[in-house]
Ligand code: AMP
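What follows is a single chain, given as structure tokens, in the form predicted on its own.
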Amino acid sequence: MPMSMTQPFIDNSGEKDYQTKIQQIATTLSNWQGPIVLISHVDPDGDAVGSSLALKRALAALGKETKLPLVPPRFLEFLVQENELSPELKVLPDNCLLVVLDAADEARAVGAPLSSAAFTINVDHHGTNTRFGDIACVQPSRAATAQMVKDIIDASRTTWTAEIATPCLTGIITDTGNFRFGNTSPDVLADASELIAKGVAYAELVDQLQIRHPDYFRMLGKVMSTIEFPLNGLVAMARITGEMRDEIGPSDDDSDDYVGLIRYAEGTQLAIFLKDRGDHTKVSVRSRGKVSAQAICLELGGGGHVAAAGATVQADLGETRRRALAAAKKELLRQGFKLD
């Protein structure tokens, strides 16, 4: 019998417990007689898209009926096969098993109300995950949710193909910054090697992942004109305004790219990128060393990892900037940095 939605699987974050849950998830998915719906978080990134596509294709190979309501960013559309994605679901199918991937809490998950699912599986690598669902498998030691999906697919004894391995590797590549971030462990590289051995055209994949629409570069020029270095130059901050978006038109203003670029300004400990969305502002933060992007974004109502985090602030650009700098100042002082 499925566990009650009010009694989630206990998570102690240990490796033995993790492997037990991975096997339980694989068994539950393999045995489920009914539709399986996969969802992820708002504004899906490479890990959200990659982990969702990999698991969907693995389940399809097992003969499962699956639905994936997902709108990928433009630069990741090349991963999607024809008729693979579903439109947004207002209501979940009857007797539905819902798999929520890479979403730290229910509010960030895109789709119909989670409470209407017959059973919910929560797979995520964010330490701030609220552990919702009937099975909550949360492992912050994994660099990407796609790495956890690989473990699930391995445990299900699905036959790996290049079509399954390619999006799975994409999730790992993007969440490790092309294997440049501090979460790039020997295990990550070993998993990536295994996936490449499944037939991934690695050179083609990493090249494709860098390709952006020309509007992306037009917007980049405007973004770089906004850069500032507050708090004694310890912070690099830039923004996209509504006016800039109106001038450029629909653009691939992927915040991971832009915030990643300004992160390399000499002398900075933090990069903060603000995206004006009219009635709210999206915030992306990257940090280095002992400074925590996660702590800053928790102050703003968001979450994420120590080195990379984000938040959605229900305020305009100016007010969000003020709040973000206040949170950044608090974190820098906590870590012993001297500020005027």
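We number the residues from 1 along the sequence you see. Since the structure is predicted, the reported quantities are computational estimates derived from the model, not experimental observations.
Here the subject shifts to the form predicted in complex with this ligand, a form of this protein not shown in this document.
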Pick from A311, I36, L70, L274: which residue has any heavy atom within 4.5 angstroms of this ligand in the predicted bound form?
A311
If the cut-off is 4.5 angstroms on heavy atoms, which of these, R108, R239, R245, R263, is the one near this ligand in the predicted bound form?
R108
Closest heavy atom of K222 to this ligand in the predicted bound form, within 4.5 Å or not?
no
At the 4.5 Å heavy atom threshold, is K56 in contact with this ligand in the predicted bound form?
no
Considering non-hydrogen atoms and a 4.5 Å limit, does this ligand approach L79 in the predicted bound form?
no
Is D256 close enough to this ligand in the predicted bound form to count, meaning some heavy atom within 4.5 Å?
yes
Go through 33 to 47 residue by residue and record those having a heavy atom within 4.5 Å of this ligand in the predicted bound form; state none if no residue qualifies.
H41
